[in-house]
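Presented below, as structure tokens, is a lone chain in the form predicted alone.
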């Protein structure tokens, strides 16, 4: 079994952003030479997430609004008593999830016809990392 690891860094201009990273993962996979296995893509921060869905702008806006309804930006989180103002971002991470596992078949990501991988930033404007860990043969 072989493995390959790459890191991506983000420093978004906006507090919340959704970045399609599918091509970046495909490039890492090509470098790895792995033909059969799995790719783990994981946000390395508790106020960001990774998800798989369609790359349609209306859907991305719907996801953002849905998350805001469930965990609105505001001053009412107990976490804010620590001096932070990002309690909503921690909850959004729990809803989206911090990582995804992707199958590799014949040297390619084995995704469905509309599936794309996104990095979801919920408390941006500062440096954050993501890991791409590819395992297989």
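Residue numbers count along the first chain shown, from 1. It should be emphasised that the depicted structure is a prediction, and the values quoted were computed from it without experimental measurement.
The form predicted together with another copy of the chain is left out here; the points below concern that form.
Legend entry - Contact label in the predicted complex: residue 49 to another copy of the chain, heavy atom within 4.5 Å: Output for residue 49 is no: heavy atoms all beyond 4.5 Å of another copy of the chain.
Inset, instruction - Report whether the minimum heavy atom distance between residue 74 and another copy of the chain in the predicted complex is within 4.5 Å. - result: Contact check for residue 74: no, nothing within 4.5 Å of another copy of the chain in the predicted complex.
Inset, instruction - Indicate whether residue 30 is a 4.5 Å heavy atom neighbour of another copy of the chain in the predicted complex. - result: It does not: once another copy of the chain is placed as it appears in the predicted complex, residue 30 has no heavy atom within 4.5 Å of it.
Legend entry - Contact label in the predicted complex: residue 115 to another copy of the chain, heavy atom within 4.5 Å: Yes, residue 115 sits close enough to another copy of the chain in the predicted complex that at least one of its heavy atoms falls within 4.5 Å.
Legend entry - Contacts with another copy of the chain in the predicted complex, stretch 25 to 59 (heavy atom within 4.5 Å): Result: 36, 37, 38, 40, 43, 44, 45, 46, 51, 52, 53, 54, 56, 58, 59.
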